[in-house]
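The chain below stands alone, shown as structure tokens; this is the form predicted alone.
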Amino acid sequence: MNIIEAQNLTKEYKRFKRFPGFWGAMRTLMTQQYSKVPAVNDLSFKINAGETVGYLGPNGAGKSTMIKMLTGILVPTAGQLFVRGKIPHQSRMENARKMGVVFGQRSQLWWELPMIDSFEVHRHVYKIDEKT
């Protein structure tokens, strides 16, 4: 059974065109011209029940954008995405009850330690009880 299935998934952001100089700044405020910036481009994959996967790539590769689409926070520009047979942005509340996502920054995780140990250190620093 596919837990996650992405078919030709694309996410593009619109970036409004900027014009130089003072008058260009005024024009920028009034323009409807924009360029499309791809964050995820024609990505297809399947993750089956019981599989463990890693999602790696350089800064700007679209990792966070993809995770946000999986959780339903973002809507794909094109393609199809299913999580447990449902479209994430249409079942966002149900998804949220069954999925957890943590976005960490380099300042929050230590590469020399296993991830769970990094979380344990932060739990103690911020006095978060073990149950939480």
Ligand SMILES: Nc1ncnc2c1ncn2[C@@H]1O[C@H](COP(=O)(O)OP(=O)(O)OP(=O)(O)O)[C@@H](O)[C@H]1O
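These numbers come from a predicted model, not from an experiment. One-based numbering along the sequence shown. Here the rigid core means the biggest group of C-alpha atoms that line up within 1.5 Å when the two forms are laid on top of each other.
Keep in mind the form predicted together with this ligand is missing from the figure; the text below concerns it.
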Candidate from G54, G50, P58, G100 lying within 4.5 Å of this ligand in the predicted complex - any heavy atom: P58
Tell me, which of K63, R27, H89, R84 has a heavy atom within 4.5 angstroms of this ligand in the predicted complex? K63
If you check in the predicted complex, is Y13 within 4.5 Å of this ligand, heavy atoms only? yes
Even though this ligand is not shown here, does V37 get within 4.5 Å of it in the predicted complex, heavy atoms only? yes
Can you tell me which of 76-84, 91-99, 63-71, 41-49 lies within 4.5 Å of this ligand in the predicted complex, counting heavy atoms only? 63-71
Y13: after superposing the rigid core, is there a C-alpha shift of 2 Å or more between the shown form and the other one? no
Superposing on the rigid core, is the CA of F45 displaced by 2 Å or more between the shown form and the other one? no
Using a rigid core superposition, assess whether Y55 undergoes a CA shift of 2 Å or more between the shown form and the other one. no
